[in-house]
Structure formats: structure tokens, C-alpha cells
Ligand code: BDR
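This document starts with one chain, in the form predicted alone, laid out as C-alpha cells.
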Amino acid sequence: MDKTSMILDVDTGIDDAYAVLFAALHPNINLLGITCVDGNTNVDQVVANTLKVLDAAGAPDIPVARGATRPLLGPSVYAEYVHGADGMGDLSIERSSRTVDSRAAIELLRDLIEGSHEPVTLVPVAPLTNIALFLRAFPESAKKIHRILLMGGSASAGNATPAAEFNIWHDPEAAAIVFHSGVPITMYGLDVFMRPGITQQEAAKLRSSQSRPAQFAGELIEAFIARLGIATVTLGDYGAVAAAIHPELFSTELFDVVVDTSPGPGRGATICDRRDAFLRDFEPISLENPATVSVVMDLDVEAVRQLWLKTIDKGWS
């Protein structure tokens, strides 16, 4: 299997950490760099958290850049009630000695995409502010992106609101720019997000592993379980990374999609036209100016779980 050249865009809370660990450790991913954005917590904390995860992965010197400090419009609304005040379960993880890249996130994106000899897959698992700014600032470089496989949105219900998923809701205007960019987009959203999970027993097994990445992952999962009072924690954002390298484990459908940027109760919703062909032809009203998006609607849950477990802990059985 050929390596996939990949750039992650993150707002590193706990489930972003699962994605970063996997991307840094999987032998078929060439992780070119990571850009950080305001989302689960403030961008400076996101940067610090990302560097800590790379330490735990034993990753080489992967460039990490600081990005947008707020959405394109409106204030930041964080998810620290889920991820902890530090975005990482308040585990008091030792600060990393890694240095942050001196370039702004959009400049790092430009340089990595322009400098890559292979097609680059962009995997944002965060609000899309950095990606929208990059697309507007460097449109010629943006044309060289192979595809965007993002974690966000929903073809059904929301989580941040009844209608909207958190990453899209945090910055709907940015999402609208990205969806209409012309870059091929796959949306890994709430329709599948919660399904691959890790149990408390599996987390304990990870924590007792000889592998530092596995120990770290186990500690994060146990903290998440304790914080939320649940029996199983979703691997969340990781699924978007897995879909980039193992598409055979995922089922997608093409939908016309519009991001609701209105100030009403639907703000941040990804409205997917799921009507069958008869209704679409029969009814006179269609979505106005939709983007055509490939939406993940199903997956092989156990295969996706095992892929993560065996990548994080080489001795997993």
C-alpha cells in the first residue's frame, strides 16, 4: 500500500488526540504537518496539546503551526465542558519541549502542499477557519490539494445544537467557503462519528501496555469515561483519518449539501438533500447553490476499531 501524504488541521481535545496519534504512528501515512485552530479550546492550548500528543507518539519533528484565534464571524464558544479546562482531560500532562513552526497555519499549508511531490490529502478534524482562510489567501496552491476529508457536519441531527454538529456550527461561514471550494470533499460526520468506540476495559489494557502511545491513549480514554460517566468512548475524529487510507471500510453517498449560515435555529446545519430520485425530479424546490459532497453513511465498526487499536499498540491482540 502506497503512503498517503497528509496534513491534519486540529483543535486538539481528547478525540483529536486519538487522530493525531494514529496519523503519527501508521506506517502508510506520511504526516507532512499539523495546523492548529481555535475550537475545542483556545488555539494556544490547542498547539500545546498537539505537541504533547506528538511527544507521546514518539513522532519525528513534524511541523506544527498556530492558526486562527477565532471564527470568521462572531465569538469563540469552546467545548471545555467535554474536554476539560486544558482540552486534554485536565491530566496535567508535561509540557512539550518541541518548538512551534514560525509560519502561520495558512503559510505552512501553502508550503507543504507546494513542496509535496505526492498528492496531498487534507484532513481537518476541527472548525474550518484555517482551511477557509488558506483557500482565500492562496487559491493557486489550493488547486493542488488532492482532496479534503473532514470531520464535521451531519446528514441527520446535530450535537452542538439540535441541527448542527460542533465543528461546522463553530464557524459556518468558513465551512460554506470550504464546501464550495471546488476541492473534492468527503464529510465524515455525526452519522458515523459515535459508532467506533473503546470500552473502559480496553482502555485499562492500553494503559498497562509497554507502549507509551498506548499508555497515553488509555489514560485519555479513562479520563474521558470518568468525566462523562459513560461506559464507552467514541474514537471520534480518528475515523476521518482512517477513511483517508482505508476507504474500503466506509460507505459513502453523494448528496447536494448547503451549510446554513443564517442566525436562526438551523445555523451550522449541513442540509443534505437525501430525497430519492423520484421526489427530487417531482418536487419543484431544490437546495439553492448546493455543493456536491461525498458523505460517509456507514462503516465496518469492528475493523475500524481494530485498525486504531493495533496501530496505537503494536502488541494488541
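From a predicted model like this one, the values you see are computed outputs, not experimental measurements. The numbering used is simple: start at 1 and walk along the sequence shown.
Here the subject shifts to the form predicted together with the ligand, a form of this protein not shown in this document.
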| Interface membership of Asp171, the ligand in the predicted complex, 4.5 Å heavy atom rule | no
Partner contact for Ala217 in the predicted complex: the ligand, 4.5 angstroms, heavy atom
no
(message) I'd like to know whether Val125 contacts the ligand in the predicted complex, with contact meaning heavy atoms within 4.5 angstroms.
(response) yes
- prompt: According to a 4.5 angstroms non-hydrogen atom cut-off, is Ile131 in contact with the ligand in the predicted complex?
  reply: no
Answer among 160-168, 109-117, 139-147, 206-214 for heavy atoms within 4.5 Å of the ligand in the predicted complex: the stretch 160-168
- Message: in the predicted complex, does every one of Thr35, Arg66 and Leu135 come within 4.5 Å of the ligand, counting any heavy atom?
- Response: no
Across 192-230, the residues having a non-hydrogen atom within 4.5 Å of the ligand in the predicted complex turn out to be Phe193
